Ligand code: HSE
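Given next, in structure tokens, is a single chain: the form predicted alone.
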Amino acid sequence: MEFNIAFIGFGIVGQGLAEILLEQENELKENHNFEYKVVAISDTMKGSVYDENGLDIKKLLDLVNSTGKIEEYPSGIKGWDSLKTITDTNSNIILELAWTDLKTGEPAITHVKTALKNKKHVVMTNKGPIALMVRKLLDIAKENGVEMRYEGTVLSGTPALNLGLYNLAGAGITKAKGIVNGTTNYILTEMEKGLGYDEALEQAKELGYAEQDPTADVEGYDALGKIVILANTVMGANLSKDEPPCEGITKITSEDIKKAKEEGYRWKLIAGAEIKEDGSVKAYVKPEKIPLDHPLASIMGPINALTYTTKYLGDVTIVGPGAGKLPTGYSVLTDILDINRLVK
């Protein structure tokens, strides 16, 4: 089938995906039997445009780069909000890439529910809806005979969820632990080089690894959302985002890092989840001293990594970028291609 794609949100992630689609169009068609049209984009800051016959991706990217807006696109219907774009366009797959309040999951939860109930497939990178109500959303998708995917919510394009759900299916996963926040890993790496916490944080801001308000990263909340998603998705848990204990890196000092290194350890902010003997799943986020010979200890800078402990394979570690324009855009593409394989 041909996919008619609607973007809800056309920021960094949406533009990254658009660049990949433009560059790989022939390869996707020839090697993956994937054909598509981008028929609609709705973005609260950049505007909206809809053409049932398809939009010119290159022209849209050029407009965003030159003016920051898409409403100067020379054809199509303009001015529709996100919900009208979801319900009234001829799209059959919705990419929910808009900004979301992580406390409420909105407006993404409403976007996703509306799309699923209108029998449209959904791919998202927003952590909020998945951390708050993944099971309910999956049930709505099933009831309406459509698919929902969200690989990019955990480690961006590094396939942490797909590894656990598909490649390690039947391997007997008992535990997952890893570095799932690149900002804090960068800060700890720079502190090991001799910077103080405040200096390392400012450097992370300058390089774009940390937001001007870095609370979600340094206090561990971003990592918490990701490990809750992973536990609920891969390990069959039913955790709320506020249930697991969470501690960030703000209390770690340069002296702590130096002492750990002398003892053969390295501090990392670790998000973990484990299936207990009674079948319950416990999760946490906290700084841990990792032995230098453990794979996670060698992960430096803004890179992420996750180790699955399994019954039949032992430990399996995946390493890769956890953020960024093209890596996160790529995560959306992998989900789209997965849906393409299922529904064609």
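Since we're looking at a predicted model, the values are computed, not measured. One-based numbering along the sequence shown. Rigid core here is just the name for the largest C-alpha set that superposes within 1.5 Å across the two forms.
In what follows, reference is made to the form predicted together with the named molecule, a form of this protein that is not presented.
Proximity to the named molecule in the predicted complex, taken as heavy atoms within 4.5 Å, picks out 181-189 from the listed stretches 89-97, 181-189, 142-150, 246-254. Out of the listed residues 123, 116, 210, 229, 210 is the one that sits within 4.5 Å of the named molecule in the predicted complex by at least one heavy atom. The closest non-hydrogen atom of residue 326 lies beyond 4.5 Å of the named molecule in the predicted complex. Contact check for residue 177: every heavy atom lies farther than 4.5 Å from the named molecule in the predicted complex. With a 4.5 Å cutoff on heavy atoms, residue 266 does not count as touching the named molecule in the predicted complex; it lies far away. For residue 111, no non-hydrogen atom is located within 4.5 Å of the named molecule in the predicted complex, even though that partner is not displayed.
Along 122-138, a non-hydrogen atom within 4.5 Å of the named molecule in the predicted complex is carried only by 127. With a cut-off of 2 Å and the rigid core superposed, residue 186 has a Cα displacement that reaches or exceeds the cut-off between the shown form and the other one.
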